[in-house]
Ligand SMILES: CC(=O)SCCNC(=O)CCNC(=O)[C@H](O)C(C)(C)COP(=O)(O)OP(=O)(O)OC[C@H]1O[C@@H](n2cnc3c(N)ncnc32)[C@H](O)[C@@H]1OP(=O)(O)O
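This document starts with one chain, in the form predicted alone, laid out as structure tokens.
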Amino acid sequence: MSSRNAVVVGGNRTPFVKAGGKYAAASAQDLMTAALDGLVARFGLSGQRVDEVVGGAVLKHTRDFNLTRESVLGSALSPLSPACDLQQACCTGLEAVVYVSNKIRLGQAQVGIAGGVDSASDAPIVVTEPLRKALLALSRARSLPEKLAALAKIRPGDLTPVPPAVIEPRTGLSMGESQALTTKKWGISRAEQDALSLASHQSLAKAWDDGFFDDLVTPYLRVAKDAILRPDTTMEALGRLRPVFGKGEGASMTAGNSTALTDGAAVVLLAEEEEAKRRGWPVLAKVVDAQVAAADYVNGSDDLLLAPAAALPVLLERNNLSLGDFDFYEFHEAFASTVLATLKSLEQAGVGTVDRARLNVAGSSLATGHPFAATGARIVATLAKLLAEKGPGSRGLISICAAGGQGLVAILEA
């Protein structure tokens, strides 16, 4: 089994759109099914059984307790394809790839699909705790007096819904507010952030114009291209935006250098290398290794979104590699300042320097958007294709930060 390689055959995703846009009426299951069906059509898998489909979402309704399996049942895959829900916040899509790859390497699977989905448009609305308890008591009540007693406990204020928010339970801060602290701590300037965002939009626009995404994206609901992309944006336009995170004169995080709430889904087809060759499938890249880490942002001095900087040295040492041994770097752009602070952290710790000319060369989350659980699969499919085009032996490094102070890094090799 030590000689078994898990390889990326290809990927598919929906175009990503801003929450409240063209996908506003689509559920997470709708989006995941659409991404799966595009992959099925691309690789002739209609009616076929795959060994496992692994995916997940960060924003989930209670009805979505079996989201990935229900998406499979709604797709053109054989209903005999088992499925598993997995969730690690923004790392979900990449963790799903690692999960399936490890099963392939262990001989527990030959062919699998990994990915993720999120719809910020379809975020669940939570009721207050007193109302929840009263409704549960009402559901258990058998007699009319018991039902009236349960209803009598409800107060007018209990009927106010709790709006969805991306907030860390341990600190009460939103992701943006937490990152604003990191931005200030690491001295990341507004100009640096806007420049990174501009590069992301320009690189993504070029990749679309070059046809790079023609075999990675399937149109959905009459949307054919990432709708958040602003190919004509400029430093001047980005500079006119007001800060939305942070306080005081030093606030520098805007809607232009932060990712927008996004709807979308992405999946990756993985296979054992010899099985992929037997089927005549492309072998784009091998999933070499991965490492997860966590930061103590609650009681310690760690930054919420810099856990990848702790995972990277472990991964590099285990594979006898240095930070300079990569042809491409895919660092998830949760915020422009997250990427910049991660790079500074790696340099300060002596891990090494990332060649900015090799960073996110086909654009990343600032331009595509960030449907939380889908981002990892988007990145894996993009990087695998870049590596295949570069040629055998080329390597790529992925870094994704996540809520809860977690980070996941991975190596792919053509």
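When you see a residue number, it is the position in the sequence shown, counting from 1. None of the values given here were measured: they were computed from a predicted structure.
Note that the form predicted in complex with this ligand isn't included here; everything after this is about it.
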property	result
Among 113-121, 134-142, 233-241, 74-82, the region lying within 4.5 Å of this ligand in the predicted complex by heavy atom distance	233-241
Contact assignment for this ligand in the predicted complex, among 199, 261, 341, 315, heavy atom within 4.5 Å	261
Distance check, residue 18 to this ligand in the predicted complex, heavy atom within 4.5 Å	yes
Residue 9 within 4.5 Å of this ligand in the predicted complex, heavy atoms	no
Heavy atom of residue 100 within 4.5 Å of this ligand in the predicted complex	no
Any non-hydrogen atom of residue 398 within 4.5 angstroms of this ligand in the predicted complex	no
Residues within stretch 146-167 having a non-hydrogen atom within 4.5 Å of this ligand in the predicted complex	166
